[in-house]
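So this first bit is one chain, no partners, the form predicted on its own, shown in structure tokens.
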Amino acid sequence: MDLAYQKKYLPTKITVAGYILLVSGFLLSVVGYFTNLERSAFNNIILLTFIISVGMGALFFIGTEYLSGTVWSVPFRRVVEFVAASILLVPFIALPILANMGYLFHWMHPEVVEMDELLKSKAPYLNAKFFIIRVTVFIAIWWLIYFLFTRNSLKQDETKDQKLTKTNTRLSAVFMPFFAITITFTAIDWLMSLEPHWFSTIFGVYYFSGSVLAGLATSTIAIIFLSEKGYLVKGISQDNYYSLGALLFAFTNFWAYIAFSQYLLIWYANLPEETFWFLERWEGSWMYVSIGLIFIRFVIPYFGLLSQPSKKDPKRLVVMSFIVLFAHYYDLYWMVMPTYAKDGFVFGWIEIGFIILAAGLLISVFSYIANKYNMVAIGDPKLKRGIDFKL
């Protein structure tokens, strides 16, 4: 094979660990649904939006690489494609939520809508039929883009046809507007509509920034593990790692900017229909969760990735990536659960079960696909330049 690349298979223990987590998390979530259906449904939304974040964040990374003509990421772009496969899980995770929408969304109840002028005005958009249509269309678009990206990439391994790179570049140009639209309305539909009286004009951007971080963090963990263990091509250096660290640092700052901007505008306007959402998260024990979000989501990653050496250190990058990934799940919990538990935060075995399920799903899907295909895009014409990349 090109560049002395030889296909290797992941250690069995990783695959087994993924399946153990998957089965354990699935069983706990099923028991959770039978024990406390409403609480489990809210946790299911966290799981769903988390998996969407990872998959869409990875697809955004792939599309950006093709559009920008970047070379530093080519030696491990295939790994990002494997991470993007998590988008295939979305319909299966969404089904239990769609079956129990009445427990989650106030606008699902006609008698409530009839007595609420604001909800009546939003009814043409917030209704079950249109909601399901949007979800179905979005998933179809994501699946189509994923299959086209990966089909062309895998085909290039065999044919070495450089035109396939141009094809994916054009596809990326088409994908980006759809990415922006679908990620925004996904945030509105699954997260903002939990509190249908509240609105924020930059909530979609807020979710976008978190999604890019989730996709980057998951990809960074996988890339560094595979590279350091010799599963990828030789020659990947700390200069390649630096770019991953720089992106994590940049989007951590971008998330903080959007989060602060959203809060500042609502605080300054001081409109009751906007401020109540933040007030709910600043009362009782939720206040401690909100303070924790600032540190876990921004302060720790910011200082952990601030220096140039930290962006090149593979161990530091892996630790920071795990923190960023955990912080995104924490952030989603902070957005979703106050709607369910207004008197104070709740955390127990049901929440743990869904976290375990999330880890099991990501590891299992990644392991399955990584063992099936080359882990390096050996047919990409930019591969050699990517390996030789220097800052």
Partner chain sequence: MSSVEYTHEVSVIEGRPTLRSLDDLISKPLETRPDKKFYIALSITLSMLGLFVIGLIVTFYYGIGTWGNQIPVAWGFGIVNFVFWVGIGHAGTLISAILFLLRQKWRTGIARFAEGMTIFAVMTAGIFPLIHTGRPWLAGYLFPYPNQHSIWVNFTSPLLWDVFAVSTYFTVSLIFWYVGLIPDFATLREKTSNKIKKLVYSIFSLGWRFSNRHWQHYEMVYLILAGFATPLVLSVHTIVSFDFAVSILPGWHTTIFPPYFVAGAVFSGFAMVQNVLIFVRKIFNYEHIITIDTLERMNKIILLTGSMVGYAYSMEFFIAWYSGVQPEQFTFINRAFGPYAWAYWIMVSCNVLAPQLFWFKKIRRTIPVMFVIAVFVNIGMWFERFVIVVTSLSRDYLPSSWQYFTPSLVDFMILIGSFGFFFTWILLFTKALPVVSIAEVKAVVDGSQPSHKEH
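Residue numbers count along the first chain shown, from 1. All values reported here derive from a predicted model rather than from experimental measurement.
The same protein also has a form predicted together with its partner chain, omitted here; what follows describes it.
Enquirer: Verify the flagged residues T150, T159 and A341 against its partner chain in the predicted bound form: is each one within 4.5 Å by a non-hydrogen atom?
Expert: No: none of T150, T159 and A341 comes within 4.5 Å of its partner chain in the predicted bound form.
Enquirer: Contact between D116 and its partner chain in the predicted bound form at 4.5 Å, heavy atoms?
Expert: Because no heavy atom of D116 falls inside 4.5 Å of its partner chain in the predicted bound form, the answer is no.
Enquirer: Would F303 sit within 4.5 Å of its partner chain in the predicted bound form, counting heavy atoms only?
Expert: Close contact is absent here: in the predicted bound form, F303 is far from its partner chain, nothing within 4.5 Å, heavy atoms only.
Enquirer: Would A85 sit within 4.5 Å of its partner chain in the predicted bound form, counting heavy atoms only?
Expert: Result no; A85 lies far from its partner chain in the predicted bound form.
Enquirer: Taking any heavy atom pair closer than or equal to 4.5 Å as contact, tell me whether P11 reaches its partner chain in the predicted bound form.
Expert: Flag for P11 set to no.
Enquirer: Exactly one stretch in 186 to 194, 136 to 144, 96 to 104, 221 to 229 has heavy atoms within 4.5 Å of its partner chain in the predicted bound form; which is it?
Expert: Selected range: 186 to 194.
Enquirer: So which of K315, H109, K155, K166 reaches within 4.5 angstroms of its partner chain in the predicted bound form, heavy atom to heavy atom?
Expert: Partner contact (heavy atom, 4.5 Å) among the options: K166.
Enquirer: By the heavy atom within 4.5 Å rule, which residue out of W286, F298, F131, W198 makes contact with its partner chain in the predicted bound form?
Expert: Only one option qualifies, and that one is W198.
Enquirer: For a quick check, can you give me the residues of 77 to 111 that have a heavy atom within 4.5 Å of its partner chain in the predicted bound form?
Expert: The stretch 77 to 111, when checked against its partner chain in the predicted bound form, contributes no residue at the 4.5 Å heavy-atom cut-off.
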